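Encoded as structure tokens, the following chain is the form predicted alone, with no partner shown.
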Amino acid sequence: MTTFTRGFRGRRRGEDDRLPPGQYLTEDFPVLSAGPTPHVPLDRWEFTIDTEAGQTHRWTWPELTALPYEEPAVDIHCVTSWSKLGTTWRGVSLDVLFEDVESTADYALVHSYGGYTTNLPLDDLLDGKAWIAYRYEGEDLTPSHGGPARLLVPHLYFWKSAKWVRGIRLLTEDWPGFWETAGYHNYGDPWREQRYADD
């Protein structure tokens, strides 16, 4: 005879297969920030990649938006347990931005306007896994959602997709960012429920 734990309903097909453990589906786009929302004029906006050797690669807003772009449709997952499926963005793949960057670094520390930082292995930013996104659902990305541009790394919890991105510093050793030093998981894989440092 088969027995079931009280409340067990099995796994539904379809959208639930795209929800990592412990996540619930939302149709809206919650706004969560670690501090005040910076408003960066486009004529003063820039994005930089600084290598471990001290070389700086720099793009202004017109230079970034003139680069070839992609329009990824991705699921996003917040550490606070909401997930939003099938979001559409426009942005420049980090593969394009790294084409002329020479580095032997294994890690990246992402910096934002407003002082926020987050760390990632460099491999998680390359090979079609990450973008500098500046449009969302066909509209310019609003400041509340990280505009004018944010990092988009959809395979990790959304705190790794830094809002108001202004640069990436390449490192030979891992250096935790804002939430990582506050007890969040260093990597943040939603499918492994890596929310906090002990997970």
Partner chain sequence: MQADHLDGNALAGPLAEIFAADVSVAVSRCAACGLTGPVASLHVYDRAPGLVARCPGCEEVVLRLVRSPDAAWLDLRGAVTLRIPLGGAGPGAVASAGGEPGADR
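Numbering follows the first chain given and starts at 1. This one's a predicted model, so the numbers in the text were calculated from it and none came from an experiment.
Just so it is clear, the following notes concern the form predicted in complex with the partner chain, a form of the same protein that is not shown.
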| query | finding |
| --- | --- |
| Contact test in the predicted complex: residue 55 vs the partner chain, heavy atoms, 4.5 Å | no |
| Partner proximity in the predicted complex: residue 181 to the partner chain, non-hydrogen atom cutoff 4.5 Å | yes |
| 4.5 Å heavy atom contact, residue 103 to the partner chain in the predicted complex | no |
| Close approach of residue 41 to the partner chain in the predicted complex, 4.5 Å, heavy atom | no |
| Residues 47, 128 and 153 all lining the partner chain in the predicted complex, heavy atom within 4.5 Å | no |
| Residue among 62, 68, 35, 138 with a heavy atom within 4.5 Å of the partner chain in the predicted complex | 35 |
| Segment assignment from 24-32, 129-137, 47-55, 166-174: heavy atom within 4.5 Å of the partner chain in the predicted complex | 24-32 |
| Residues in 72-94 with any heavy atom within 4.5 Å of the partner chain in the predicted complex | 79, 80 |
